[in-house]
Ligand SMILES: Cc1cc2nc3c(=O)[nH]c(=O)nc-3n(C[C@H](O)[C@H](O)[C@H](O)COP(=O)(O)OP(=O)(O)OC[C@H]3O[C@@H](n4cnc5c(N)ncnc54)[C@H](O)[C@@H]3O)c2cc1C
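In structure tokens, the next block holds one chain alone, the form predicted on its own.
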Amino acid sequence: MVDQLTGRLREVLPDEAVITDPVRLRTYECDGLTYHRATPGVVVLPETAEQIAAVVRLCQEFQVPFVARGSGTGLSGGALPRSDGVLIVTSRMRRVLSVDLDARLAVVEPGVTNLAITEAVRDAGYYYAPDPSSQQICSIGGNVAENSGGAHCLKYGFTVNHVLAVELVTPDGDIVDLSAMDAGYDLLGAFIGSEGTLGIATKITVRLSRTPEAVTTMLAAFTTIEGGGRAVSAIIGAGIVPAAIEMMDALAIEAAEAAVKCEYPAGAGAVLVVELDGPETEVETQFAQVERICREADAFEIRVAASAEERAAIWKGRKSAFAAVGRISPAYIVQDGVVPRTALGEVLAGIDRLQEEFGIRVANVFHAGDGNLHPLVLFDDGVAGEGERAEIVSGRILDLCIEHGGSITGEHGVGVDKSRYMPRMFTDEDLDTMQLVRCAFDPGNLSNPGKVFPTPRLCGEVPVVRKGPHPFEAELL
């Protein structure tokens, strides 16, 4: 069917916007999660919402699945293409359409990079708050699909807290608008974070934030990760809400040092990056409290950025952590789970036990303030069986998160990578209810199929009451 569809695609798109060359197609066979790969049947590069709508209507006519892709920086296989489908790449839709500083909003196309929004308004004293580590290259359309957060989500929230409206192409090929001001059900909230299963964003209206009067960034080094954990609990317990509290353990620090020479304090078992922002007087008061708390938690060195350059230097190690572990391990799995802050110590201890049991190293990097863990499971894919052990450790980490009242994902999404873990967190009835929402948007199951749900239910099918062990249980053990 894809071959028949390709000719029709050239009728609604410029010839050079339809890619069928096998070598070029391989460019798009994975997102940032490289161990899931599939070569798309055909790739299209639209430049307008109308072109995307035309492509989607053709997919409906031929009953061919389609997947939307932005910059391809996702870490859950959410943009994994289909060999029997169309990959709709929004990278040519990169315009900041309008900026309204009085209303504190900007309207952008989905291919605009996260950081480009801030760059467009920085000189006027504004910025866009969500800041994933990949903000220099990740697209805002992908951020909407995954409900991305970043280091500053503790204080400022996730993408859903900063998107006011979305123009989207529905799975039927209609162009519709959703707004935070719409009456009735929060359809905008349902769409954000739906991982491309409910349609494709073509225009996004985002909230702009005023640049804070003062920003103080500090680095606190501890001999143990437990010391850093005590400091985090005490900071939040004191009623202080920093813009960010990030933690890295010794192995993550080693990787960052090898990659970017961040020059964090030697001998640190853990470092905290704490950023405070707001009115100058408030920041000064909070900084004094945070510094005292860190010293009481046995921080052996505290550094405070005295300039924008020093602030960037402190953040450099943390922002590079995911890629940096490639310097100390041939291969690795980037995991993403959430636990209550009060359970951080127990979960980290559990991760230590898994390292000992399976002989697999884990570098811990996390948004400590909101309990969003990003364990990096390191392994050598050239050693027989080591990849399989790493995958088991990765899954067991998610089990730890669930057991302690957390979630299997904080901001990377479920995608194809974690869909098999969904039954661990949700009942069959929960999953059936979620899929009823999907069916309302996409009854044909053509919009990014095979993602999020382990066993997609056909729309109109009566939910099945399953008995006995879940069929995925054996696979996960």
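All figures in this text were calculated on a predicted structure; none of them were measured in a lab. Start at 1 with the first residue shown and count on from there.
A second form of this protein, the form predicted together with this ligand, is not displayed here; the remarks below concern that form.
- This ligand in the predicted bound form comes within 4.5 Å of a heavy atom belonging to G199.
- At least one heavy atom of S134 is located within 4.5 Å of this ligand in the predicted bound form.
- With a 4.5 Å cutoff on heavy atoms, A68 counts as touching this ligand in the predicted bound form.
- At least one heavy atom of E195 is located within 4.5 Å of this ligand in the predicted bound form.
- Proximity to this ligand in the predicted bound form, defined as a heavy atom within 4.5 Å, singles out one entry of G229, G395, G150, G371, which is G150.
- When this ligand is considered in the predicted bound form, only one residue from F287, F379, F322, Y264 comes within 4.5 Å through any heavy atom, namely F322.
- Residues with any non-hydrogen atom within 4.5 angstroms of this ligand in the predicted bound form fall in just one of 304-312, 289-297, 118-126, 68-76: 68-76.
- When contacts are defined as a non-hydrogen atom within 4.5 Å, all of T90, C138 and G142 contact this ligand in the predicted bound form.
- Contacts between 414-433 and this ligand, taken as any heavy atom within 4.5 Å in the predicted bound form, involve no residue at all.
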